[in-house]
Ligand code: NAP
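The form predicted on its own is given below as one chain in structure tokens.
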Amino acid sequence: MQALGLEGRYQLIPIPPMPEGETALREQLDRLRRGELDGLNVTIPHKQAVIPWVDELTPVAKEVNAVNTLIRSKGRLVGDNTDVPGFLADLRLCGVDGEAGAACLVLGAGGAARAVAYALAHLGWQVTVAARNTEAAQPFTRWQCRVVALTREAIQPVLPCCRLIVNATPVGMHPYPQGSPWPVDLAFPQGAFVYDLVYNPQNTRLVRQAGEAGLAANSGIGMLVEQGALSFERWLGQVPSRQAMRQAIFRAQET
């Protein structure tokens, strides 16, 4: 906003998980509906919990069944998902371009994993989703994704042809940066690209593990910027500076 000469602020509004956080979450939705806010982002664990209280879903948010962006339009609340195009935009910037039928592995079954699996499946990737709770991951099969347990034994047979690994779990995120979703003693597939959606810290343990194995790897800062920029455009109708956004992230992580 500063880079565009706009007045305003973007702030964190902590909301407890459901059901404890229901009143607080609905209060913020009412503020947006009344015009007291220009927009809202929604992050874990509310990307699905918020759906019953919006008036409309964009086609992508409806398909993914996860909302990360809320927009007010003519007094109605519209739930959108900019994680899908944001992830794909940054993946292209990383130089990852899968041929039809290329195999990839997505770790996790939450809202971010839904966005990633949907995006990759609709580009023609052969997607395997590894989740601790395989029952929670069953909706992914509607996009022809294979579901396996997030264990060494279940993942290993998938790896020989795997060209992309995406961590869509919060494991490794601040304040527990020493965590890694990758099973212990499991070798990475040669030549795969590792993309960790976690962006704080920048250099996650998974990214370090991939680098030590000789693989190219990236944190989720690029996706954070891209999905945020798309949300900004939907709220204010202006294109923000991605460079300014990246610099703001780096400054915040240094403090």
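Keep in mind that what you see is a predicted model, and the values were worked out from it rather than measured. Numbering starts at 1 and follows the sequence shown.
From this point on, the text means the form predicted in complex with the ligand, which you will not see here.
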Among Q138, Q144, N133, Q156, which has any heavy atom within 4.5 Å of the ligand in the predicted complex? N133
Looking at L91, L150, L105, A119 here, can you tell me which has any non-hydrogen atom within 4.5 angstroms of the ligand in the predicted complex? L150
So which of 156-164, 71-79, 169-177, 119-127 is the stretch with heavy atoms within 4.5 Å of the ligand in the predicted complex? 169-177
Do V67 and the ligand come within 4.5 Å of each other in the predicted complex, heavy atoms counted? no
Spell out, yes or no, whether the shortest heavy atom distance between L224 and the ligand in the predicted complex is within 4.5 Å. yes
Is L32 close enough to the ligand in the predicted complex to count, meaning some heavy atom within 4.5 Å? no
Given that the ligand is not shown alongside this chain, does I44 nevertheless sit within 4.5 Å of it in the predicted complex, heavy atom to heavy atom? yes
When the ligand is considered in the predicted complex, the residues of 187-205 having a heavy atom within 4.5 Å of it are L197, V198, Y199
